[in-house]
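In the form predicted alone, a lone chain appears below as structure tokens.
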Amino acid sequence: MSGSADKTFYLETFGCQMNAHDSEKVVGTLLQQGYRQVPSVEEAGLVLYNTCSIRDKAEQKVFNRLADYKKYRTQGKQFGVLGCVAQQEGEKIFERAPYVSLVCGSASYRNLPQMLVQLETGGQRVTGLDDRATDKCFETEYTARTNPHRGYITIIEGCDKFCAYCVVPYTRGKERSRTSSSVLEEARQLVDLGYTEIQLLGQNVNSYRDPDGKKSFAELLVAVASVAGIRRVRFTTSHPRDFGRDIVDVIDSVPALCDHVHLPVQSGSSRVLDAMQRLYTRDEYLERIGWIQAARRDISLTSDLIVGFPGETEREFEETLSLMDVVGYDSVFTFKYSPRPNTPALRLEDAIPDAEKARRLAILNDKQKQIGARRNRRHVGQVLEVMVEGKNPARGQWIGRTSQIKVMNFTVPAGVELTTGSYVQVRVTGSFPNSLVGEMAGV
């Protein structure tokens, strides 16, 4: 690949919001280096996959995708694997997929410009694989913002929690936070770009520790919400161990902080939580839920749940079901346990059959459907502020989200056209387990 005319790239992203935002930064870096993004593999000289290793068989899916495109090798294309699978598998990727030229973990993206030069000068096995000891964050002024409604800011990278089932501490390195001043500067830049909603990101976002010692996480929330032009501030994902009452206090006192908390619990059994190395008990988790439920604002709660962790008994699974009743989540992300490379849980016998995991998952999902339907019914008759995200012409509805991050499908009077990113008042006329329906109010 030589000459600026040939410097085209295609990037496909798998996984979480952190990965999606990492891709925005990778794209920005490539554009700054003179590359041009194209919409298909066929048009690209450099094909990149930003990978996620959270889900079962994630590595196999990456290798399958690479195999699909092996046919393009004769066309002189170069292939690169980025992200968590790249960090996890390392140089083994070159052995399994010899046509790959670049392997780069997420902690090494800051070195992409140098790695691109190596590729352009004929490098065949270019690697960026930092170990857990790295202190570096991937900050770049060249972020290519692809979400037109919500601006993402990573405030902390990596993880120090070492949950028994999770590969993230091994693929994203240790926890390292950005200075509050750099976060606030990026927030101001987002406002200049026209964003009014910002989401702060981190594997454990509330584990944030300002290197300059100026602000706690709660104080940073207030500071970001105070930037002129910002109307909404979200944050994800919180870890219960580091979730303090001060976070609830600032949500209560600062209207621009969205009334939504994502607080993953994973299990309702203290015994299973201990085996998972989650660092809290059921009662300690419920104490935090109590703070949230005692707030003056109606704060929506979402969570992550795993079924079938090694050794989970039927009684312990029922403890998770009972926790769902006690908390009343607005929505949950649910998973069957699957062994991940390098994790402590590999030492445990995964003796629960997949069919039993599937049965438990189905029961859990059915319960949440009922809870979500009940939780959403309480909004019927309310008038809620909605940020407009798009339109569904086939159904004659606009689509947006409330401050509680709930999806709202709504109608507007004939002849009224809205702009994405704008805010409107919507009267809720109906509800489903995972969404609300309504009509534009005040017209």
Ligand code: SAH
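Just count from 1 along the sequence shown to find any residue number. These numbers come from a predicted model, not from an experiment.
A second form of this protein, the form predicted in complex with the ligand, is not displayed here; the remarks below concern that form.
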Tell me, please, which stretch of 94 to 102, 111 to 119, 217 to 225, 236 to 244 lies within 4.5 angstroms of the ligand in the model of the complex when heavy atoms are compared?
-> 236 to 244
Just one of 268, 264, 310, 151 has a heavy atom within 4.5 Å of the ligand in the model of the complex. Which one?
-> 264
Identify which of 44, 27, 54, 387 has a heavy atom within 4.5 Å of the ligand in the model of the complex; exactly one of them does.
-> 54
Looking at the ligand in the model of the complex, is some heavy atom of each of 260, 376 and 425 within 4.5 Å of it?
-> no
Taking heavy atoms only, is residue 166 within 4.5 angstroms of the ligand in the model of the complex?
-> yes
Using the partner position in the model of the complex, report whether residue 251 sits within 4.5 Å of the ligand, counting heavy atoms only.
-> no
Mark residue 281 yes when one of its heavy atoms lies within 4.5 Å of a heavy atom of the ligand in the model of the complex, and no otherwise.
-> no
If you check in the model of the complex, is residue 304 within 4.5 Å of the ligand, heavy atoms only?
-> yes
Determine the residues of 321 to 349 with a heavy atom within 4.5 Å of the ligand in the model of the complex and present them in sequence order; the list may be empty.
-> 335, 336, 337, 338, 340
